[in-house]
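Two separate entries follow, structure 1 and structure 2, each one form of the same protein chain as structure tokens.
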Structure 1
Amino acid sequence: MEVIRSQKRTASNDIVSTPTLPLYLTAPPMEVRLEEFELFAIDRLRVLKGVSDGLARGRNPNEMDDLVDTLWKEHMRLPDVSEMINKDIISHFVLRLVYCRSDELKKWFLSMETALFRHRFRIKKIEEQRAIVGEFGLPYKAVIGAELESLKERLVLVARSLCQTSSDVENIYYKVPFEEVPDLVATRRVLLQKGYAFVAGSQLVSLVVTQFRSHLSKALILTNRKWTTTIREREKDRLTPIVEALSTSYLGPDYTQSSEYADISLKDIDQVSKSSFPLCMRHLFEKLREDHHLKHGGRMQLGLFLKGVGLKLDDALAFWREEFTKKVGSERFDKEYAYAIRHNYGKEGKRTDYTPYACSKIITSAPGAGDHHGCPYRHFSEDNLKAALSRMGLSSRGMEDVMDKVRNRHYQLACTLTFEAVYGTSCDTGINHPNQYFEESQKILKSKTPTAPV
């Protein structure tokens, strides 16, 4: 797969001959436009993050089937089937390059791609599923004749243990080494005999997914070697910056401009901080009021958030001045801090209009001693986090649900559950940005405020 500069591509030359569910066994011999390299990867990343959120929320297999189908149609579908297959393959191999670079990235990508493959396979028709099995070249033969008859009685017992009737015993079974279907063995959904599991035709998904995961795991190791030995340096001025940025990409609005629900003034800020700030910003705000100072990381995180929720430059200068001058004096504030505030608003230096930090950036920050920025769900101790959640009004049940997600490192979902507990409503999209939390909160609160009579 070769990445080229933007130019019109003739689809007939680059169509990859493959089933509608590719196995990604080898990178295709095709040219990819530079903008497709990034945009296709971003669309697939939206799907994988949706899968991750669904799994973290504990959705059952049928619900995950529906979710995957919806996500795929929303982000990956193209009018032309051949172009859609190409997009599928290109995006997979780009993200394979993105996520091969560390053990943590590999683990996440392997889990999400395997889950995506599992549910895409499950919603295929049985004929398509068998064709995919054939593509893998799995060496399993169907159990037939006398051998199948000799097992019928025990297969009926397995069916009954799964609350099925004897009529549910299928006509096609595959004899497979038991270690290749660990999920079926663990849940006692197969007959075991002499080191083999007898897998029903309807359970083909376990066979294929095991093979898919094994292949992808090995491929990620090989991709990492290529990345570190040749690709990273060779593509340092072109692809490497894109690859390194994609794993932490925020895929939603940038909140550069405040919306109708994000417009606060100095007189409102204390009340709004209690009613609508997410925990990360609420903590920074309280520490600023308490200590009259924040280190650089905290000033950037809180300052850009306040800009995104509609605090004007003059009000921002007044807000920070009021607090900092209680500790450093007016002259030092003007000399050391005022410039940075104007700079964040695009009024100094290169006049860049800086955007508020997304959750992905905040979670991956590394606060040191004396710092208060970062994500409380990741960086607080368990006791401190529980105390903070208690001050936000969470019940013991709600708090335990949040802590369960934190222990499993689902920090954004923990924040989403906090939002749902505080405002008593679901947030199906999940919280991905502090300013999103603020705006969704304001929508709810303003919808409950009676409109004054005209």
Structure 2
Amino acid sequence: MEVIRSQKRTASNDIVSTPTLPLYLTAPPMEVRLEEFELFAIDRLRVLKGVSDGLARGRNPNEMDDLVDTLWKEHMRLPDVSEMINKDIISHFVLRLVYCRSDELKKWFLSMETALFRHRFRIKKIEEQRAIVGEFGLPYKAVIGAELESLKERLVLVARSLCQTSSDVENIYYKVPFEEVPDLVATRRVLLQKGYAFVAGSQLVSLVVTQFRSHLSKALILTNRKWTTTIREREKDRLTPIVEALSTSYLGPDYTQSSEYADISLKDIDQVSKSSFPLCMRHLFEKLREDHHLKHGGRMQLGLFLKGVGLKLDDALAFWREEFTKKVGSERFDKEYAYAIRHNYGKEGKRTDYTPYACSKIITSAPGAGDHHGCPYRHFSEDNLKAALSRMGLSSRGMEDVMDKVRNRHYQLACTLTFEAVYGTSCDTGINHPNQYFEESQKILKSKTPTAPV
């Protein structure tokens, strides 16, 4: 692939003709615009993160099929089919660069791309599936005629042993060396004869996915080699910074500009902190009220959040002053802390209007002794977290679900479940940003009592 800056795209005559599910076997010789390089990758990343979310929530295969279909249409669809395929291919190869760079990244990418492929494959019609199998160059022949007849009875037995009714017994079987379908052999889901497994059309997924995964795994190793030896250096002013930023990117709105749902004033702030703040901010807020002080990390995390929530600069200064002067006095506040607050609002220094931290950033922070920032789902001890959750009003059942996610290190899902328990509603998009939590919460509360302050 060649990345260019030109306005027009050269006609690409390298798209695979029929299958709309590319196998990414080789990087096609296309030209890619620099903007597309990043944008396409971001869109695909949204899909992969959605897949990751679905898997973490334990969605069954049929639910995952639907989820993938929805995600794909939402983020990857373009009016022109060939453009859509281009985007598919380009975004995959860009993300290969991004995710080849460490074992952890590789593992995640491999899992998500394989899952994505599996579910996109599953929803294809059988003819398309067969075409894709052919694409892979897998030399499996369908079993027909006399051979099929001789196997019929036993094939029925296999289907029945898997609790399939006779109407499920299929018409197409492929003769495959048993070595190629170890998972089907291990679970006795196929008939074996003289070293061959008879794989049903519906089980073809297993075969193809194994091939896909194995091929991608090898490709990632090669890509990593190329990246470290040539590409990274050669592209250090152009593609490298983009690649390096992509793996940690947060992909939602940035909440720098407060919306209609985020416009609070000082007098409401205590009430709103109890009703709509996510646990991380509630904790910081309570500690601030309690200790009349927060260390730098806490000031940044809470301060920027409050900005996103709609607290104006003057109100913010008044708010922090009110607390801090109880401990450090008015003069010290002006000297040491006021500047920083104005800085956050873009009124000092280089005048950057800083964006409130997303969950990904908060989770990866490292609170030390005396710090109260970070993500409670990650950084609190189990006991402290349970106490905090019960103060938020969670039942013991709800708490168990949340703790289960915490133990599996799905911190954002834990927060999402907390949200769902507190407001009695589901949050399908998942919580990715404290300000998102706030806004969603406000939406719900306001819809219940439109006029009263919440």
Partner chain sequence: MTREEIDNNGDAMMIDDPNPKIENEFNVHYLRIYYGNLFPYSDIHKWLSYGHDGKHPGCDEYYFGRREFSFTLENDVYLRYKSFKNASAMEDAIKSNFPYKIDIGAVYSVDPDKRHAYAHSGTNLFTPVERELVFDIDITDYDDVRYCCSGADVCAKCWPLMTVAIKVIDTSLREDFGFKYILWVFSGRRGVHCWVCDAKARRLTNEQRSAVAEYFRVYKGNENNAKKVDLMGHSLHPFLARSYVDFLKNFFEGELQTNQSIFSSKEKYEKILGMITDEDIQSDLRGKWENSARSSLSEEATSLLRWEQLKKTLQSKKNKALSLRTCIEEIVFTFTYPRIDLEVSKQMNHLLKAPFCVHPKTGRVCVPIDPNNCDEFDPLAVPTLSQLIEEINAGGLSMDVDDDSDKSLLGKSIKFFRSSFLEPLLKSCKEEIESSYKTKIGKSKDTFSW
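Here the rigid core means the biggest group of C-alpha atoms that line up within 1.5 Å when the two forms are laid on top of each other. Structure 1 provides the reference sequence; residues are numbered from 1 along it. Computed from a predicted model, the values in this text were never measured in an experiment.
Between the two renderings of this chain, the form predicted alone is found in structure 1; structure 2 comes from elsewhere. The hinge separating the two rigid parts that rotate between the two structures falls at Q203, chosen from K106, A56, Q203, R33. A rotation of 22 degrees carries the smaller rigid part relative to the larger between the two structures, according to C-alpha superpositions. When the rigid core is fitted, E153 shows a C-alpha shift of 3.9 Å between the two structures. Look at Y196: with the core superposed, its C-alpha moves 5.8 Å between the two structures.
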